[in-house]
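Heads up, the chain below is alone and in the form predicted alone; it's given as structure tokens.
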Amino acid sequence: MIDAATPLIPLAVVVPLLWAVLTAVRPQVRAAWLVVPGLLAWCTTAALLWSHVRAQGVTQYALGGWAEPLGIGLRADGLAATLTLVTAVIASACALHRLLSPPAEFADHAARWFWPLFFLLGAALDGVWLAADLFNMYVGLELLGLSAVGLVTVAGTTIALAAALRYLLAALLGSLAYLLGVALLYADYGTLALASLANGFTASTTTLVALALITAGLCLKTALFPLHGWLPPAHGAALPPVSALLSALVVKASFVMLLRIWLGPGVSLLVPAVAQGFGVLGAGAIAWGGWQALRHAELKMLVAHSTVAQLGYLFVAVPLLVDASAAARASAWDGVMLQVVAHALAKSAMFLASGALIAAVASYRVDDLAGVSRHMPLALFAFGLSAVSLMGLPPSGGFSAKWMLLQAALASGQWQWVFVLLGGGLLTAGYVFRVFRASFLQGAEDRFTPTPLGWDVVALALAASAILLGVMAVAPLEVLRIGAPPSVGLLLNGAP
């Protein structure tokens, strides 16, 4: 069922965009007075859109009635509506963390631009989730990259500025490859709407080259191993709420675009051999990211390398979405969708909790966390609760996601991914327990700095949400299945 129009779709983009403008032109207004109403409006719009899609099904909106060839066509299926809601929730948590932060944490010259960049990033994310064509995906992706790079620089340190420059260069290179591919597709088909491309798709040489360029650019932006080198420095050097946004949401935007393209007009690109290749790269990400997290001396860099590893699970699912039976593809779709959401909640919580722990001991080093368990029990508990989901332990959302991927691997006879999924969980446990081992050692009594209790509460709420997602996964999965691609959607939508 397709509902032809609802103003909730453009509002999901317009509301954060409006607050980006308001916070830019009225910086003298006290932040909480201006930001909190924006967060409430954003969350309300996202919740209403999610409820609408759950009740009415896929919803489309053509701004001004001109969706093609380069018009603003928006489409809210289950994935888009869910990610719009998750974005609003996580962004609100990060905003509360920022509002509770001491003013001195931000460089004076950069603090003025935090809120405009923050809301612009939210608008860009919602634009990517809801875009129905490759051109508007590109616009959203460019705004997302520029605002994310700007937010990294807010920390004001030399390390952050160097990391932001590296991030910018990687983002521009990925965008260039993507734009070249889009230009080739437009020359061949005269349209960039995903639905039109899917209906008229032919596996010509030009089309395959275009899809390969688009894929390469988006893989760079997703930090798929071995194209991940820019991610740990940028996520590690940014302030905790920024790191949380980047790891939880920003890197997922390009992956969601890949899914839209691969399982829509580009499905012919993912022949079994290519799909297995992406699975191998995903396995490499899990192994390399986990190993780097095990050995890194700094807490935030440990968590940043963990993001590289966790992103690998999304690509391990690719061969299960393509080279498998209908039942296995359906299970893989559920697994990868749940992994996207569970990781977003857990990783944002972990970065926020890590920020509190680092502030308490005034050191980035894991070894300097000795004794923090006595002084920061709530922050450490939030860190551990988020780790439960990342490790894939029951009853968390991460467990449910990885369990569905395991079922898909077993049902399709692809045993190699079973060992990758289990081995990745053990690696995650290794670097998580390394943090806990350090925190329970005897430490000095007088070197801990008090931190706002609200930091711990926000992190704990996100971590608890990642656990509850596994307990209450039925309703989110029902929505995430709405509008699933035809290649995986037959069984999900009830067809025989």
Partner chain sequence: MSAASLPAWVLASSLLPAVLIFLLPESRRRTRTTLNLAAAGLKLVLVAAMSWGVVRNAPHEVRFTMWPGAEFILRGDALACLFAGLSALLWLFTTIYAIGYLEGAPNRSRFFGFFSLCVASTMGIALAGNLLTFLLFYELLTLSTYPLVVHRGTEKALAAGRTYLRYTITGGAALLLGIAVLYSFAGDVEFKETGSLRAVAESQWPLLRVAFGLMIAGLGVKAALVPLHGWLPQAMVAPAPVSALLHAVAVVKAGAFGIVRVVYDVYGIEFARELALLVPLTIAASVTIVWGSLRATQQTDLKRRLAFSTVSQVSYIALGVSLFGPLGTIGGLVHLLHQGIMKVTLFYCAGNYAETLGVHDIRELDGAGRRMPLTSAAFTIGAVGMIGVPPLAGFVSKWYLGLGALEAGHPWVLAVLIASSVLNAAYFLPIVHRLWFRNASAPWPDERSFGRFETSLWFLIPTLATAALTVGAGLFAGMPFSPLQWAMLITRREYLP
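Bear in mind that the values here come from a model prediction, so they are computed numbers and not experimental data. Positions refer to the first chain, counted from 1.
The same protein also exists as the form predicted in complex with the partner chain; that form is not shown, yet it is the one meant from here on.
The partner chain is not drawn, but in the predicted bound form it has a heavy atom within 4.5 Å of A429. Although the partner is absent here, H228 sits far enough away that none of its heavy atoms falls within 4.5 Å of the partner chain in the predicted bound form. Not displayed here, the partner chain is kept clear of C219 by more than 4.5 Å at the level of heavy atoms in the predicted bound form.
Of the heavy atoms in V25, none are within 4.5 Å of the partner chain in the predicted bound form. The candidate spot formed by L393, F399 and Q407 is fully in contact with the partner chain in the predicted bound form: every one of the three has a heavy atom within 4.5 Å. Only one of V271, V418, L208, A297 comes within 4.5 Å of the partner chain in the predicted bound form through a heavy atom, and that residue is V418.
Contact with the partner chain in the predicted bound form, defined as any heavy atom within 4.5 Å, is confined among 399 to 407, 251 to 259, 275 to 283, 124 to 132 to 399 to 407.
Contacts between stretch 419 to 441 and the partner chain, counted in the predicted bound form as any heavy atom lying within 4.5 Å, involve F419, L422, L426, A429, F433, F436, R437, F440, L441, listed in sequence order.
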